[in-house]
Structures are given as C-alpha cells and as structure tokens.
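Below you will find one chain, with nothing else, as structure tokens; this is the form predicted alone, and questions on how it binds or moves follow later.
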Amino acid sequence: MKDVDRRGFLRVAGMSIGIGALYRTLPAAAMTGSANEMLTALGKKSGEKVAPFTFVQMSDTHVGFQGPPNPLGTKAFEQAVAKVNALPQRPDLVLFTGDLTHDSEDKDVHAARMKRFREIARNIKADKIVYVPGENDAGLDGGALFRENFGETYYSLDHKGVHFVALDNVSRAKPEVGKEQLDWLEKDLRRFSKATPIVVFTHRPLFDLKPEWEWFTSDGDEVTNILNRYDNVTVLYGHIHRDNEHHDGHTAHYGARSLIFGFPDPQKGPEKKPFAFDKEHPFAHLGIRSLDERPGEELRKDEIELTLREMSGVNGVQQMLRNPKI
C-alpha cells in the first residue's frame, strides 16, 4: 500500500477557479500492484466502480453581501459558474465549502438569499453538487435553514473509489465539530482500510491557522487524530478567503479563495480586513488559479484574473454598477 501517496491520488488538471480547484483524481489508472488491489477492494465494498473523475470545490459565495469590498455582489459567483460550465470536461462533483449566503438576523431576508444562491447554483453543469454550511448559513439558527434546503449538515458518500466526508464545524455555539459528530466520523471511517483515499470538505480550517481571526476549529485536533490513522487524506475548506496549504501527519489541508472578497496573508497582514475593491481589477484576489502538475516536475501555478469580458475595465465596471441587470 505504500505506493499510494497524495500526489499519486490527486492530480490537478486544466484550470481551477479562484474559489476552489478542479481536481482530477486517478485512483486506478495511475496505480498498479497493491494500490490497485486496494482500490478495487474499496470499489467492491462501496458498490462504486473505481475510475478517474474530476471535481470542483467552490467556497464563500456570500450571496446577499453588500459592502465596499465588493459592490458587484454575485457577479464573481456567476462568472465562476460560467467558467465551470465552459471547462472541457464536465465535473462529476461540485463541493461547496460553506458561507453560501451572507447572514441576516431577518429570517425572511436570509431565506431569500438562500433562494438566490440556489437559483445561481442550479445553473452549474455537474453530475452532483454537495454542500456544507458556513457560519453565515448556520450560525444563527443552528443549521435549520441549511437543512431545509440541502439536508443534513454532515454526511459521507463514496464516488468511484474515493470516500468523501462532509463535516459541520459551524452549527454549534462555538466553532467545533462536537462529540456526536466525532463519534459518527469514527464509525463512518472504521469500515475502510488505512490506504483508502479520503477527501474531507468543511468550512473552517481544522487546525489553528489564526485563532485570533477565528480561523480554527476548537476540537480540530481530535478530528485530525482520527484522520491521521489513514494514509491518504485531503481536507478542503473555505472560510479564510485565500489560498493556504498545510500538512499534518498524513493529512493535507487546502484553503480556497472566496467569491466575494479576499483576506490578506495572516503572517503579513496586521488585521483581518478585506482587500479594497479595485475598479481596474474587480475580481482581484478572487481570480482563477491554474494548476498543472506533471510527474517529476514542480507544481506550476498561474494566477489568472476573472474578467467581465466586454464589460472589463473601469468604464465597464462603472456601466455595470449603474445597471445591475447587466
């Protein structure tokens, strides 16, 4: 089983959207020997056929947000949906890692924002779309509105040889997963071998990235201790509105950008203050990140800015702001 490593499991293909990434997994095609035997056994156990597939992560759309850091509202989200739909390969899965909506203490307003999110998200051309809540979706009502729209806030699914786990670290009174969910996670993973490819998607980081900015999960260590019993675990999360990569034991953690505004590097930024809106580059810090990884080569990263197409530039943005229907 030693020849199954993260790089062997996850391949990044084509372009990735600033709010996440398009991943191509090669759970069977790139592996031989014991690894292939393990994946075949996994497929038999889960009933899923092991095969290569692609998936996209999206995060922090904050539908309903209004403020100086992003006067364009949902335009970046809509542009990202168009980019996903234009990809040369239709993704099997789209994972939303929380803060689908911007919170509101008015239940009707919050419900209207959730409805608007669903109207945009339903345009995505993908075989399956799955969600976890962010604190803006579930902090005020313990996840009630989220469950009305999307079902349970934590669950798991198998897909072509990979086990996906959705974790909820926002619906409780403090930023934690909680004992009930920890017990469920233990039980859920117990049926798999150590080498099983596992992708966890959640909202807050499971490690102490910047606790004073609320970038942490209080019982994240307990979650990671469970995950580190497995050799091939990837955690995808949102909340921090910027890229971040962190490794803890066998577990690799990746943060995704937001679709509403970006935050500075916590190691360099003096305070948690969104980047100011730039009319020349309206989607700065939200743009496209193209990742290309090939065997034996360094991971190549290219930052590509989302554009407003014919409405790009200062004049285009001003015209858009005058006419919200554009």
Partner chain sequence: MSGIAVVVVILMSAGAARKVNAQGPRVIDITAKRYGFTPSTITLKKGETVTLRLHSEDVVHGFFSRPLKLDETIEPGKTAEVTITPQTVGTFQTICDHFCGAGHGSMSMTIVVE
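Numbering follows the first chain given and starts at 1. Just so it is clear, the model here is predicted, and its values are computed rather than measured.
One more form of this protein exists, namely the form predicted in complex with its partner chain; it is left out here, but the text below deals with it.
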{"item": "Residue 131 within 4.5 Å of its partner chain in the predicted complex, heavy atoms", "value": "no"}
{"item": "4.5 angstroms heavy atom contact with its partner chain in the predicted complex for residue 174", "value": "yes"}
{"item": "Partner contact for residue 230 in the predicted complex: its partner chain, 4.5 angstroms, heavy atom", "value": "no"}
{"item": "Interface membership of residue 168, its partner chain in the predicted complex, 4.5 Å heavy atom rule", "value": "no"}
{"item": "Candidate stretches 190-198, 97-105, 152-160, 177-185, one within 4.5 Å of its partner chain in the predicted complex by heavy atom", "value": "97-105"}
{"item": "Proximity to its partner chain in the predicted complex, single hit among 109, 87, 124, 140 (heavy atom within 4.5 Å)", "value": "140"}
{"item": "Among the candidates 222, 248, 243, 214, the residue which, in the predicted complex, approaches its partner chain to within 4.5 Å (heavy atoms)", "value": "214"}
{"item": "Stretch 122-139: residues contacting its partner chain in the predicted complex, 4.5 Å heavy atom cut-off", "value": "135, 136, 139"}
